[in-house]
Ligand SMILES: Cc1ncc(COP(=O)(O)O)c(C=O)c1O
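One chain is shown next in structure tokens, namely the form predicted alone.
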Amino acid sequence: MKFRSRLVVNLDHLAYNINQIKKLSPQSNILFMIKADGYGHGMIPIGRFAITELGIREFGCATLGEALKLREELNELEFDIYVFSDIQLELLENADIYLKRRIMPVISNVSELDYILHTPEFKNFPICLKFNTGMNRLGLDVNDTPLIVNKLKQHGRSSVHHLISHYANASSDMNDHKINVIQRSSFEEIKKFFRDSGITLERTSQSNSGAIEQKTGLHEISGDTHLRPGLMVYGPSSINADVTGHFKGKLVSTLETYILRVFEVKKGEVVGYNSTPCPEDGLIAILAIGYGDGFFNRYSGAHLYHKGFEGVIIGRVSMDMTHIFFPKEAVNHIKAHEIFTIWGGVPGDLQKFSSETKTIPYELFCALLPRVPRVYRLN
């Protein structure tokens, strides 16, 4: 672990973002997506704060392992956990975990549903169903809706705990994008079929971050009981720049490192692996972060900022260090041992860095390895 490179997580900003989501739809419940170690921010501290300070009672994970860790680390707290993708229900030992640890698998195919319905131990277990309404990833086939309803009835089931779908193009306009319109309509038809067939839907949700930002899937509009925010909880927007949004979040994290060394260079002098030449006279600052920390070589060419000067990552990022080239005007201003903020210091710097590196904020957050400690701040 490093001691001067760190991801500083501002819990006040997390609280602000959750409260903004609640204001968008006061009647909706929040199913907080906390997978991939809280999008790289630390699942356990984020989860504990969300429960004890923000009143969150439902979380979404991707894997059973994530859910089990959340349950074990926060075992004194009351909350529900959903496993959305890697449920591994067919393994006997995993089925036992679901039953004993109050973890709910999200069923995405008929064979998984059959397992639940035919296993006596799951007789009173809540059923969560996910339908593929057009994303063509995981999900029950819409055409199998009558079959699924019949199976539920044959086994004495009169309710579904949570009916779920997921938008594929929520970053685009929810009313103009053809697939968004089809998915919304399809989910409404599925809900209607269940209800017309006498199956109670205790909870329903379709809207992820981009849809929520566009006020789609709110309880007041669609009647869905839940929203499933992911990236937006951590600050960045999930919608395209040309789409109108109704959410302005605060970036939850700041990635900091420090400067190991600075030195002046002349035009043509080379630095680092592969001996990259400097484009002009200037200053090199060597940062104590590299691909061993989840800060990758493909980030070369992206711009970073320090003390009002714009620098650029030059040459190859190495395992433990990164070269930043600054213009000669920065000489005598930028010093060794100073804290250097990679993102979270200048408004919009994360989005710009993401664009320049041809990544998305999800990737930047999740890529950071455990060698970069997470530090939590409040007030």
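For every residue, the number given is its place in the sequence shown, counted from 1. Predicted, not measured: the structure shown is a model, and the values here were computed from it.
The next section is about a form of this same protein that is not shown, the form predicted together with this ligand.
Heavy atoms within 4.5 Å of this ligand in the predicted complex are found in one stretch of 176 to 184, 270 to 278, 224 to 232, 242 to 250, which is 224 to 232.
Site residues Lys35, Phe84 and Tyr362 are all in contact with this ligand in the predicted complex, judged by any heavy atom within 4.5 Å.
This ligand is not drawn, but in the predicted complex it has a heavy atom within 4.5 Å of Asn208. At the 4.5 Å threshold, heavy atoms of Tyr39 reach this ligand in the predicted complex.
Though the partner is left out of this view, His162 does not reach within 4.5 Å of this ligand in the predicted complex, counting heavy atoms only. Contact between Arg137 and this ligand in the predicted complex is found at the 4.5 Å heavy atom cutoff. Scanning 157 to 171 for heavy atoms within 4.5 Å of this ligand in the predicted complex gives just one residue, His166.
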